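Only one chain is given next, in structure tokens, and it is the form predicted alone.
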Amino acid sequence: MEELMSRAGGKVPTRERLSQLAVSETGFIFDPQTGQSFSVNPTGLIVLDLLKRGSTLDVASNSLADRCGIPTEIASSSVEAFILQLGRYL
């Protein structure tokens, strides 16, 4: 995550920040710090859950690749894009 943060100019949410989010089983997310809410699709929910549990980006990417039957490179790129997009909202 730190490598991604340096490449993205620090606009990546930290694990601590992710742990503050309230996430429902359906992908509804509430940010108690800002009062904002938004939703993620099932794939985003998988990634967010893994990262909130302390997984590294590599572990999250590998898990996503296994669960969705996609190449690890695509999963890795997708996880990074998701984290960068999430950083825009947090």
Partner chain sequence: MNNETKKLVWEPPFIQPHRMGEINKFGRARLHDNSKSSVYGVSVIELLRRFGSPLFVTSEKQIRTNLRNTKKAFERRYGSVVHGWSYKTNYISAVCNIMHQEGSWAEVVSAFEYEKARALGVPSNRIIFNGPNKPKFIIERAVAEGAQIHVDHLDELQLIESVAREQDKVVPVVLRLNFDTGYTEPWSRFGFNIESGQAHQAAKMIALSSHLNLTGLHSHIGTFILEPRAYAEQVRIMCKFMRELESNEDFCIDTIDIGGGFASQNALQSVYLPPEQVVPSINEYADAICTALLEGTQYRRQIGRELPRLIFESGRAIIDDAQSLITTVVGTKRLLDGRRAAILDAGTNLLFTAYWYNHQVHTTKPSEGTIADTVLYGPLCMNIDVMRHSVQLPPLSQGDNLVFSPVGAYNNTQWMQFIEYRPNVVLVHESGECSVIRMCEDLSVMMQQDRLPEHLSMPFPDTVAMNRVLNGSTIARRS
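Predicted, not measured: the structure shown is a model, and the values here were computed from it. Positions refer to the first chain, counted from 1.
Another form, the form predicted together with its partner chain, is not on view; read the next lines as being about it.
Although the partner is absent here, L64 sits close enough that one of its heavy atoms falls within 4.5 Å of its partner chain in the predicted bound form.
In the predicted bound form, no heavy atom of Q33 sits within 4.5 Å of its partner chain.
Remark: V47 counts among the residues lining its partner chain in the predicted bound form, judged by a heavy atom distance of 4.5 Å or less.
Shown alone here, A22 lies farther than 4.5 Å from its partner chain in the predicted bound form, counting heavy atoms only. Along 28-61, these residues reach a heavy atom to within 4.5 Å of its partner chain in the predicted bound form: F28, I29, Q36, S37, F38, S39, V40, N41, P42, T43, G44, I46, V47.
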